[in-house]
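Single chain ahead, written as structure tokens, the form predicted alone.
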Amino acid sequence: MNVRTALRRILAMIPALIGASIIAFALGVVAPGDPAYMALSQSATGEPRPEAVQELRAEWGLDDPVPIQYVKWVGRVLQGDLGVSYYTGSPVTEELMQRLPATLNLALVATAMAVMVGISTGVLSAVLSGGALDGALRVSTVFLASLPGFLVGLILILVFAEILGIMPTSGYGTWKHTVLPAVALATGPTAQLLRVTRTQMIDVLGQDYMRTARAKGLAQSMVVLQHGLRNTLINTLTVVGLYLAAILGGAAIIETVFAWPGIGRLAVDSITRRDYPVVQGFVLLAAGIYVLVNFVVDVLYSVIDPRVRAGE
């Protein structure tokens, strides 16, 4: 990717981030309840005094018109300040950064599982297209893709933690704690990757250059992996990038099921507590990660496929 193309892609990210900031800010504005009243209610034993509520609203700038609040909030965000948690009183940026490594760990392990299993089984299904194993894999794909992640998580807990007793049900710190939530997160993406890879490989295997490679006497494994798989990676990479971004931003349910101390669980807890600055920070961070991952995927396009560089 040349510099001009990279700059054009970066500029295209700006409207998406502005839209995400508007949505994130709106969540705190339209949400029910008075943040100042709720914060004082949590810290006081009785009913908060109206004067104290009004003073706190003025301190937080909640008495300003909504457009003014948004401009001030964006100004703080650009300086890395996402506000202060109503519940803990800690900076939101600090709380998110403390939880982000756990979510990154889980997301990367789940993505690696999905890539290894989904692509390998997709290639195998394409090579054996029409056979019994191909049929079994296709049925499994439909079944696994239809299962919600939280249900997969509950099934895994029941089987491997409660019945077999070989995996912990919750916690964080060792590889055993990572396995079950990562498998639960990877199940859906694995099924989708299998389907995408199979479809692309079947199309590639029927191309003229593949028949030419076989006619030259190349081994079947080399034909499939070197000539076939590489030509499917563009579409597969798109799916991988989208799922990695979705896993980072949407792991909230799985993290809650397994008591995983990531940003997703923090967001769920903050919604319950009506801790809107944390929710706003989570939405903005998730959107930023999604946009960044898509930019990285665009860069990788030009690395994998020379035709993309030529098109630029």
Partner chain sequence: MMALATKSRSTVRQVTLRIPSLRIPAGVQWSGLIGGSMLLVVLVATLFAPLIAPHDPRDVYVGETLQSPSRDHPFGTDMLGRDQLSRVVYGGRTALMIAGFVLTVTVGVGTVVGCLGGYFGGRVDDGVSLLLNIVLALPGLSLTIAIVAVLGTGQTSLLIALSATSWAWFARVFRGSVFSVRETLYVEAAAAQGATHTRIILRHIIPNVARPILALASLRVSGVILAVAALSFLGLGVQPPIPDWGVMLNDARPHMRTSPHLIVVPAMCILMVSLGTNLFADALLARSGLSGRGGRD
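Residue numbers count along the first chain shown, from 1. Quick caveat, the model's predicted, so the values are computed rather than measured.
Just so you know, the form predicted in complex with its partner chain exists too; it's not on screen, but the next bit is about it.
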**Asked** Out of the stretches listed (157-165, 80-88, 95-103, 112-120), which one is close to its partner chain in the predicted complex, meaning heavy atoms within 4.5 Å?
**Response** 157-165
**Item:** Proximity to its partner chain in the predicted complex, single hit among A52, V268, V66, A58 (heavy atom within 4.5 Å)
**Value:** V268
**Asked** Is there a heavy atom of A215 lying 4.5 Å or less from a heavy atom of its partner chain in the predicted complex?
**Response** no
**Request:** Spell out, yes or no, whether the shortest heavy atom distance between I202 and its partner chain in the predicted complex is within 4.5 Å.
**Result:** yes
**Asked** So in the predicted complex, does R138 come within 4.5 Å of its partner chain, heavy atom to heavy atom?
**Response** yes
**Message:** If we define contact as a non-hydrogen atom of the residue within 4.5 angstroms of the partner, is T236 a contact of its partner chain in the predicted complex?
**Reply:** no
**Message:** Heavy atom within 4.5 Å of its partner chain in the predicted complex: which residues of 50-87 meet that condition, in order?
**Reply:** none
